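The form predicted alone is given below as one chain in structure tokens.
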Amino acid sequence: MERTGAAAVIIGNEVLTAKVVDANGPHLIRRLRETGIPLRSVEIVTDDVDAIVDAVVRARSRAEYVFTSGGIGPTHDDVTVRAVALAMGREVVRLPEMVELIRNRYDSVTGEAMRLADAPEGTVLLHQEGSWFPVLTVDKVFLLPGVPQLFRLQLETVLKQLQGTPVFLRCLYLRLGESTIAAVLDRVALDMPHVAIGSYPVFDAELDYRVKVTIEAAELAQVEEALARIRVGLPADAVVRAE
């Protein structure tokens, strides 16, 4: 099976125990969408080497690009570097360029701080403005920090290196329930397999619609054709608005 798109592994006991609300996963989803890189999966795992290894292996089996978030600091629970190396069958090595960056950064360098220089063998550093700490990347796996501000900064550095195909999206807000519109959506989806059609009901009486329908594809003409077909198949007063 050809590996395409991206997969993410969010690492941290603090996320799974609700000490911290994960902000990196939703941000990554949004930015990949805007860049045009399809996201295949997002998995949240603990700060456990075996759990991270398993998640990275799964991610690499389905996606071309893998993003990890968290676990690359100098403390005892920062085990992502070792786990990624194991998942890829590589050794952990100390990068001379990182050693120099750390020595230039700190007046007094501790052994713990020097752990920041460790990375899977073959790691390439992507430097960026606004941060002394570069992105660690090895064979299309990008090891990003868990701190949201740093994650976002480093993610933008990575996305500049990648190419995607943005999709076109239109939305219909309908006052009818899903059971009423299902046949129309089924027919258009069958006739136009290259267009992704989604149906999302809501149950909030304060909203002015009951179902949000999304239509998306790589070509605008296909999106507009599918939208027109759906509208023709619905009662005249079904559409609250279109976006």
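Start at 1 with the first residue shown and count on from there. None of these values were measured; they are calculated from a predicted model.
One more form of this protein exists, namely the form predicted together with a further copy of the same chain; it is left out here, but the text below deals with it.
Here the marked residues 33, 44 and 183 all reach a further copy of the same chain in the predicted bound form, each with a heavy atom within 4.5 angstroms. Put simply, of 93, 126, 99, 147 only one has a heavy atom within 4.5 Å of a further copy of the same chain in the predicted bound form, and it is 147. Not displayed here, a further copy of the same chain is kept clear of residue 218 by more than 4.5 Å at the level of heavy atoms in the predicted bound form.
Within 4.5 Å of some heavy atom of a further copy of the same chain in the predicted bound form lies at least one heavy atom of residue 14. Put simply, residue 62 is close to a further copy of the same chain in the predicted bound form: some heavy atom of it is within 4.5 Å.
Contact check for residue 122: no non-hydrogen atom falls within 4.5 Å of a further copy of the same chain in the predicted bound form. In summary, the region of this chain contacting a further copy of the same chain in the predicted bound form, judged by heavy atoms within 4.5 Å and restricted to 152 to 160, 136 to 144, 84 to 92, 110 to 118, corresponds to 110 to 118.
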